[in-house]
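This document starts with one chain, in the form predicted on its own, laid out as structure tokens.
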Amino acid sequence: MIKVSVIGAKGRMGGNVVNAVNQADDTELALALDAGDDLTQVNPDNTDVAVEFTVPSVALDNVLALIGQGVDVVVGTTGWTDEKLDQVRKALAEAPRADQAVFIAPNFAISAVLADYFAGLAAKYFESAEVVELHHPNKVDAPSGTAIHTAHTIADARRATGLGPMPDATETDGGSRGQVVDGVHVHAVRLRGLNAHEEVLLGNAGEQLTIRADSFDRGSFMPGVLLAVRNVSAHPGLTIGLDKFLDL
């Protein structure tokens, strides 16, 4: 049995993780902690993997603390920058265990991971590409970590093929063209009634390809979370993206 502690256990995602861990045949809940609880309770004696689902403002400190405690970590909180990731890598290099592991997922939904993968395959064949992410209005970051990751996936594919900048004659937009991430325009929608959705729009003269992923319920993320819990310890260091654990 994999002993799992959940950080952010009283949150919407954290509560779902607690239920998923309790229901799975190969995992058991060690600790369920939330804001104000002492993370030093989490240690290798009671925890194999800690799952961190909180908010971007505290996620880095939580992950660094858990690394210092000597446990492997699966992170679902978004808002990671290159600077924050470098701090995680530095902490892992100085971790109590040489084989310690941290896994960070922009998205745990299998549909979203595959949409990102398909976007990377398609991007080199299209002159234009943009990303639209749509979420509930309680989400605190925009654009989403998933959308940012997809934009980088598209940009990497375009660079590898030698494609230049995308055509765009816009001179003034007042911000309506969205945020430019690695040369890719990313648009964020916040709307009551939505959960988590992403569209990748790719276009050539006379044709368009749309890749869309929809997560209608937070339960859709749980198979991905459990996949990460089962695999993280076999991948020492920092791993980013659930695609690393899929047969793609």
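Worth saying up front: this structure is predicted, and the values here are computed from it rather than measured. Residues carry their position along the shown sequence, with the first being 1. C-alpha atoms forming the largest set that superposes within 1.5 Å between two forms make up the rigid core.
Keep in mind the form predicted together with another copy of the chain is missing from the figure; the text below concerns it.
Visitor: Using a 4.5 Å heavy atom cut-off, indicate which stretch of 60 to 68, 26 to 34, 42 to 50, 203 to 211 touches another copy of the chain in the predicted bound form.
Guide: Result for this chain: 203 to 211.
Visitor: Given that another copy of the chain is not shown alongside this chain, does A98 nevertheless sit within 4.5 Å of it in the predicted bound form, heavy atom to heavy atom?
Guide: Result no; A98 lies far from another copy of the chain in the predicted bound form.
Visitor: Would T81 show up as a contact with another copy of the chain in the predicted bound form if we use heavy atoms at 4.5 Å?
Guide: Contact with another copy of the chain, no.
Visitor: Heavy atom to heavy atom, is L92 within 4.5 Å of another copy of the chain in the predicted bound form?
Guide: No, L92 sits far enough from another copy of the chain in the predicted bound form that none of its heavy atoms falls within 4.5 Å.
Visitor: I'd like to know whether V55 contacts another copy of the chain in the predicted bound form, with contact meaning heavy atoms within 4.5 angstroms.
Guide: Looking in the predicted bound form, residue contacts with another copy of the chain do not include V55, since no heavy atom lies within 4.5 Å.
Visitor: Residue by residue through 155 to 175, which ones have a non-hydrogen atom no more than 4.5 angstroms from another copy of the chain in the predicted bound form?
Guide: Stretch hits, in order: P167, D168, A169, T170, E171, T172, D173, G174, G175.
Visitor: Hey, does S144 budge by 2 Å or more at the Cα between the shown form and the other one once the core is superposed?
Guide: Yes, shifts by 2 Å or more.
Visitor: Under a superposition restricted to the rigid core, does E199 display a Cα displacement of 2 angstroms or more between the shown form and the other one?
Guide: Yes; E199 is a residue whose C-alpha shifts (by 2 Å or more) between the shown form and the other one when the cores are overlaid.
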